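Read the single chain below, which is given as structure tokens and is the form predicted alone.
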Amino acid sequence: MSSRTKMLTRRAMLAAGTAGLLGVRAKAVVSDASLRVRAAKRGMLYGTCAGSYQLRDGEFADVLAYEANAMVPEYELKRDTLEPRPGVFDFSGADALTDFAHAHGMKMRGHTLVWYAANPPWLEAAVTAAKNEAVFADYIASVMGRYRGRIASWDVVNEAVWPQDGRSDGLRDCCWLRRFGPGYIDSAFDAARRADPSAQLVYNDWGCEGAERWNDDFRKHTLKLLEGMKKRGVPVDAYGMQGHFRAYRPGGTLDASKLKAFLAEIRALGYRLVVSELDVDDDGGPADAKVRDAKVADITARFLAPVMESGICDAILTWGLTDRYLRGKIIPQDMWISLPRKLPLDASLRRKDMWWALAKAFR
């Protein structure tokens, strides 16, 4: 049997096995019913974050390959993991994820190159003492250079907006801003374009999804940042909208009309859109899991309606595919019942209402 025949046979077995695993809706589960296929029919990607440790769970790895056609490392492309000591890199986790993605026909996203958080302990002092922008430009060249042509989309700068810091431009007070001024953002994108001219370069952030007054400030300053970069010719291709919601706690409300207007502004500026980290926290909800699942799905659907209507969305990634790993490790089966339910699949890898909300959005 050829390797290709073996792969096709394995996929057929996986489709059949998944249909059995998801029994309650088995009649709707056919070989082409995965989220990756539903997204592809819309010319889009469905993906998820993952950690290399999760690939050791063969059951999950099969379902990951079946459901997703895009993947982003949860933490193994963040600088504290990649460069624990100056000039000493550990690409093992990111390499494993990238190899898995390419073996299963999945696109890879890179997250993230320049961020105020998840940095190694030595970095802030190095930034403060830096003579020039090589402290991040060389890093971008090294990391993107390694994965040139293999990682299709990068979150180049992450979470640079924070109006609560009180600056007139709405930018976050961080070591990058203090040392290099607002120009560090432009320079990071310029370095990224040099490192991989073909990659999609994304500015990634949160705070523009919600309905609160502070979300209005976030939207205003984010649009100001993106408009300025567009005028200056900074090579930004897309806006990454994270999409973290809370079903039962303050700060998780959604105003579809405000979101629709914001996305219209993004479209008018000529940017594409990536939903980069979608999840809905059910903490504080009732004991009945069915009620929480329905609430999570409702928020997901109401969020994705204006996203899909915008006509500019290339990909929707959830921040995890299954609740099984929400505590950052493989959880013993006897503890699954106590896990939060914020992702498309439960800890047993069964499809929840959120999965069906995603499937409907791709319809």
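Numbers for residues come from their place in the sequence shown, where the first is 1. Computed from a predicted structure; not experimentally measured.
We do not show the form predicted in complex with a small molecule, though everything after this point is about it.
| task | Examine T98 and determine whether its closest non-hydrogen atom to the small molecule in the predicted bound form is within 4.5 angstroms. | result | Output for T98 is no: heavy atoms all beyond 4.5 Å of the small molecule.
| query | Is W115 close enough to the small molecule in the predicted bound form to count, meaning some heavy atom within 4.5 Å? | reply | Yes, W115 sits close enough to the small molecule in the predicted bound form that at least one of its heavy atoms falls within 4.5 Å.
| Hey, in the predicted bound form, does E209 get a heavy atom within 4.5 angstroms of the small molecule? | E209: no, not in contact with the small molecule in the predicted bound form.
| Is the gap between E74 and the small molecule in the predicted bound form 4.5 Å or less for some heavy atom pair? | Result yes; E74 sits at the interface with the small molecule in the predicted bound form.
| query | Every residue in K295, R350 and W355 with a non-hydrogen atom within 4.5 Å of the small molecule in the predicted bound form? | reply | Answer is no for this spot.
| field | the small molecule in the predicted bound form: contacting segment from 132-140, 153-161, 258-266, 173-181, heavy atom within 4.5 Å | value | The contacting stretch is 153-161.
| Candidate from H104, H244, K107, R272 lying within 4.5 Å of the small molecule in the predicted bound form - any heavy atom | Filtering the options by heavy-atom distance leaves H244.
| Single option in Y325, F60, W319, Y66 placed near the small molecule in the predicted bound form, where near means a heavy atom within 4.5 Å | For this set of options, the contacting one is W319.
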